[in-house]
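Next up: just one chain, as structure tokens, the form predicted on its own.
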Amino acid sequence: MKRLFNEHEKRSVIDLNGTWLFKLDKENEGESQGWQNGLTDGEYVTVPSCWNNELGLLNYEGVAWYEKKFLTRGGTLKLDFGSVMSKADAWLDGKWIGEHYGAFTQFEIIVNDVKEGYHTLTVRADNRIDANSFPQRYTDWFNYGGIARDVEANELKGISILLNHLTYELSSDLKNATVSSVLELYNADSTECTSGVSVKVGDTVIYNEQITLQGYEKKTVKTPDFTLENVELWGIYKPNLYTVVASTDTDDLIDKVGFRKIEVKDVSVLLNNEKIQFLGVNRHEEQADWGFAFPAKLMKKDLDLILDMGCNTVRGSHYPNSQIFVDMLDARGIMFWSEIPMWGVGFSEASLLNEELMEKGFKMHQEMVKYYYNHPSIVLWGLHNEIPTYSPNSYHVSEKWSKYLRANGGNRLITHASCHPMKDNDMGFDDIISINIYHGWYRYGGYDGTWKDWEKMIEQFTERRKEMGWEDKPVLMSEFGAAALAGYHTPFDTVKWSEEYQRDLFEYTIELFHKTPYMVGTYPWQFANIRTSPSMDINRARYFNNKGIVDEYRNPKLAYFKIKELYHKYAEEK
């Protein structure tokens, strides 16, 4: 995958981005007609891309086919896909080689005995939504289709490294790190193979052994503990990173890690034993002209604006973001909240009992952990967002997923974003309670629909937090805000949709939350306007969620400058 650094020096990687042949399959008859054996017509498109950004295809939901010819030296190929929306089936030279479900999670397919020469990779992408789709139909972002992130073919030789999770525990004084690696090894040859396997962190070799694997055997190896002394810690705006190189005689895998400790203590969040406040923003990895096929150049622009605003954290709402964007956060010392695309009222109480649907969500958590484990910027795992957590049906889901993340997710905190703070039953599974409420924009039952509702809500939740025994848990305001149409100004500060109304609401709420003792941070909704589905017919002018602090082309609204003023002021507080 495209990263800020090269993941391999020994391994040969074929970049499959660029021009592909593309053909719509409106009747879903391509497979029965043999399209996997070669497309006889179609048009050329660029991958990564989303087909809904093409003229005439804005609202196309269905099936489409992609075809790419490439040259390889053959042997064993590992085909890596950053994102196919939402279901993918893949064929190599007409032979089906695998499938994957999940629009935002990376996956790989290994193919053996590939002959040297030209080959044809065919991908069938399907973004249709049904009762078993994840997310569900009613979702507050646009349901793009296509191959939205990078595609590449890795030529594997001998014992190869498929994965390296560097696990560590810092000493109490945070000076030393006890480290080990969990390696997933694979013999890409058909016969027995022996190779040296080593892991190096920075300039220090922490593991070096001989390993023997049978033909096409896969094996997980956990290396012995090794103590690294006098480590430099990764922290906010202090992006101390170590290069980790796992290698064999024929292969390697390079990554970047940072050592840091995050924990909750005395109703505060401590990063490297120091109290922090989350000065954040919610960000969709979407732009009107690109959809979810978001270019790295625009990612950097987003991050430059986010840093200028004074943020020290980003929430990847509501799905795993591109690896290269998380690399950028690692490299600039910005914290990240990563979650799966389980959004809100689209998930009914009944859907939480749908075993197939919930298994898809669990697999997405597993894939997110698998591919993002080493990123030091990820300090929060998000279980889900705004689902009916007042229902007993959600309890077992939150319990299962939180247990998995605690056991396998590394040194991270766990949360879920709730829009039911007065009746949510799942907050006990969280390290940090996260609340999404839009007083001053939406009208809620039992409230007046005015800014004064905020003080009433905080007072009521303070009591419930005490009643439920959650007083040891700090609270994040994970979503709040108001929509503003860029360029719409009014001298009347109570007029909704104006930039002035949005600015003033953010000023009032952020200052109020900052004064609330158990609240440790804010994530205004949202960084930029995003395209939404026509099914979202509530306050969605232009079929955009217009709550962006900047517009869809990243032009700042008045709220941008007010949040910048507040965040820079809070950052100076000790």
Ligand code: ADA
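Just so it is clear, the structure is predicted and the values come from calculations on it, not from any experiment. The numbering used is simple: start at 1 and walk along the sequence shown.
Another form exists, predicted in complex with alpha-D-galactopyranuronic acid (ADA); not displayed. Remarks below refer to it.
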Quiz item: Pick from 541 to 549, 52 to 60, 65 to 73, 513 to 521: which stretch has non-hydrogen atoms within 4.5 Å of alpha-D-galactopyranuronic acid (ADA) in the model of the complex?
Solution: 541 to 549
Quiz item: Even though alpha-D-galactopyranuronic acid (ADA) is not shown here, does Trp35 get within 4.5 Å of it in the model of the complex, heavy atoms only?
Solution: no
Quiz item: Is there a non-hydrogen atom of His375 within 4.5 angstroms of a non-hydrogen atom of alpha-D-galactopyranuronic acid (ADA) in the model of the complex?
Solution: no
Exercise. Using the partner position in the model of the complex, report whether Asn436 sits within 4.5 Å of alpha-D-galactopyranuronic acid (ADA), counting heavy atoms only.
Key: yes
Quiz item: Going by a heavy atom distance of 4.5 Å, is Tyr442 a contact of alpha-D-galactopyranuronic acid (ADA) in the model of the complex?
Solution: yes
Exercise. Only one of Arg503, Arg260, Arg412, His318 comes within 4.5 Å of alpha-D-galactopyranuronic acid (ADA) in the model of the complex by heavy atoms, so just point that one out.
Key: His318
Self-check item: Residue (of Ser322, Asn385, Thr389, Ser160) lying close to alpha-D-galactopyranuronic acid (ADA) in the model of the complex, criterion heavy atoms within 4.5 Å
Solution: Asn385
Quiz item: Mind listing which residues of 503 to 534 have a heavy atom within 4.5 Å of alpha-D-galactopyranuronic acid (ADA) in the model of the complex?
Solution: Trp525
